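A single chain comes next, written as structure tokens; it is the form predicted on its own.
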């Protein structure tokens, strides 16, 4: 699909409008502000798939009881170095930081910690949580699954078996943005197909696979017919996303299900007999490490030195540049804070329509 025109919205204006929408939808002002902050944060980092394009879905899920306002995690079990917490289907933008802060506190006290989060609403951009840990001086590793969210075909298959199952590592860099690896284990996140279906950046030609094994870049493969619709439902399509890197991405996605689903006690993508809940239920297994407890003198400086060594590699093409994890997000954030957040016209229209249904006028 060809890219369509975009409109640009100031980040502060966008955050405020999203918060107003969620207050009108039934959240308190504090939670609505968090949702607005983290959704716009994803756009600022260039992860539009996890940004404000999610607003209509979130509002619909809230109305349908598929995500709950005003929740706090329930501690299932804990020790000095671990915790298992249940998100009670609360918004990930509320549950996520509370679970991460628990891991941060334990790791700062003991040197390391593991937090298993189950039954969270859509956890959002996982890089937000690694950045939160990095700001506290910690290395963090995150495995995420999507319960009852089969969208991705395993290597060698055509049937949906995995969620998009993100994996993330964050490394602190005092005085600078962290080194940050954050990716879906599918070739593209489902949200990127959603963006493409709204006229945004096209997805790769082989990112989707049909039930007959044919490769595709057409969002209809995942969503079914999309003409004259503003809400995309992957349940209407017959195809699947593909894992990145063939067996490698498929293998990581499998282990995300084992760690963030089976071990954390959260629903796996399947099998879940009779489960037709809809929405998104995330599990997340997070490991937090305090470099000060590992005797690695000058860890942050050594890591930065190695990153600079990698970046000094000669570019493969004239005018090219070697980047390390986190560079693209940092640069995009700087540009979008300065110039505004670009949104597909259809995406912005759908957000404004969601607000209008709740009695809100678009920002002037």
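Being a predicted model, the structure only gives us computed values, none of them experimental. Numbering follows the first chain given and starts at 1.
Separately, the form predicted together with a small molecule exists; it is not shown, and the next lines address it.
Exercise for the section: Report the stretch among 117-125, 246-254, 259-267, 78-86 that approaches the small molecule in the model of the complex to within 4.5 Å, counting heavy atoms only. Expected result: Within 4.5 Å of the partner lies stretch 117-125.
Exercise for the section: May I ask you to state whether residue 183 is within 4.5 Å of the small molecule in the model of the complex, using heavy atom distances? Expected result: Close contact exists here: in the model of the complex, residue 183 approaches the small molecule to within 4.5 Å, heavy atoms only.
Problem - 4.5 Å heavy atom contact, residue 134 to the small molecule in the model of the complex - result: No, residue 134 stays farther than 4.5 Å from the small molecule in the model of the complex.
Handout entry: the small molecule contact at residue 209 in the model of the complex, heavy atom, 4.5 Å
Key = Although the small molecule is absent here, residue 209 would stay clear of it in the model of the complex, with no heavy atoms inside 4.5 Å.
Practice task
Indicate whether residue 166 is a 4.5 Å heavy atom neighbour of the small molecule in the model of the complex.
Solution key: Yes - in the model of the complex, heavy atoms of residue 166 and the small molecule come within 4.5 Å of each other.
Problem - One residue of 26, 56, 325, 33 in contact with the small molecule, assessed in the model of the complex (non-hydrogen atom, 4.5 angstroms) - result: By the 4.5 Å heavy-atom cutoff, the listed residue in contact is 325.
Handout entry: Three-residue site 40, 198 and 344 fully in contact with the small molecule in the model of the complex at 4.5 Å by heavy atom
Key = No, none of 40, 198 and 344 comes within 4.5 Å of the small molecule in the model of the complex.
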